[in-house]
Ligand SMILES: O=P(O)(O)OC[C@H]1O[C@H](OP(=O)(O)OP(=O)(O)O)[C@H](O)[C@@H]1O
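What follows is a single chain, given as structure tokens, in the form predicted on its own.
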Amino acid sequence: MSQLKSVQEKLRLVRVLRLLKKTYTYEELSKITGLPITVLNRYVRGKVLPSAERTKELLDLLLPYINIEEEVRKRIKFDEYGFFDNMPVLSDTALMSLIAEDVASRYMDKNVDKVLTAATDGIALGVHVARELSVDVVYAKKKKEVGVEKFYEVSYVPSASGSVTTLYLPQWALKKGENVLIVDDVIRSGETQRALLEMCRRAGAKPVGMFFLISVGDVIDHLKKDYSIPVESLIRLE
């Protein structure tokens, strides 16, 4: 194992421990791992990193205790009207890093060149996934940035608003022939994501997949049928 890979695995263990610490006490983690509480505390705080051998042993031991889908579900907050808040998911950097690892493993063989999302809620997931894939992340906005001369512009009418929305992406952000992974935190109607697909078409880039933390209804099934690319979500809400 290379030195870089070894360090990455050790940092991955720290993220796993920090996530588990939100559910388990140090006493419980000590019983699971057989390590003293003081040692676990130093690992969680990042004061000390374990050896490569111990890192592998602990990851093998602890990863079965993490169900990423369940971790996301228990953080989503619903109000009395059925609307939900997913900020507790997006703000949990340890969880988002583990989600990004999972997403990157699904699309590693797609030779992704860029991760594309829409501002603003999709940016957190986009950054985490792009980092895992070692590529750049670009995002479309609803306003033109001063200083940018040329944009890809795609307009659509969101079913919930009835008014025209336009997304803008600087033309330098996507290049012809690039393989693009589209991500977002939530997909409901799919109009925004179709606009991102249209941007790829205009740029001559190739969408190689779409991934969402949360999908509502059967929208991802329609996208799969219409575009014949992998379209996945971590959890689906009916």
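One-based numbering along the sequence shown. Just so it is clear, the structure is predicted and the values come from calculations on it, not from any experiment.
Another form, the form predicted in complex with the ligand, is not on view; read the next lines as being about it.
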Interface segment, criterion being heavy atoms within 4.5 Å of the ligand in the predicted complex, picked from 169-177, 47-55, 182-190, 25-33: 182-190
S155 within 4.5 Å of the ligand in the predicted complex, heavy atoms: no
4.5 angstroms heavy atom contact with the ligand in the predicted complex for S134: no
4.5 Å heavy atom contact, E101 to the ligand in the predicted complex: no
Contact test in the predicted complex: K74 vs the ligand, heavy atoms, 4.5 Å: no
In the predicted complex, the one of A118, V129, V89, V112 near the ligand [non-hydrogen atom within 4.5 angstroms]: A118
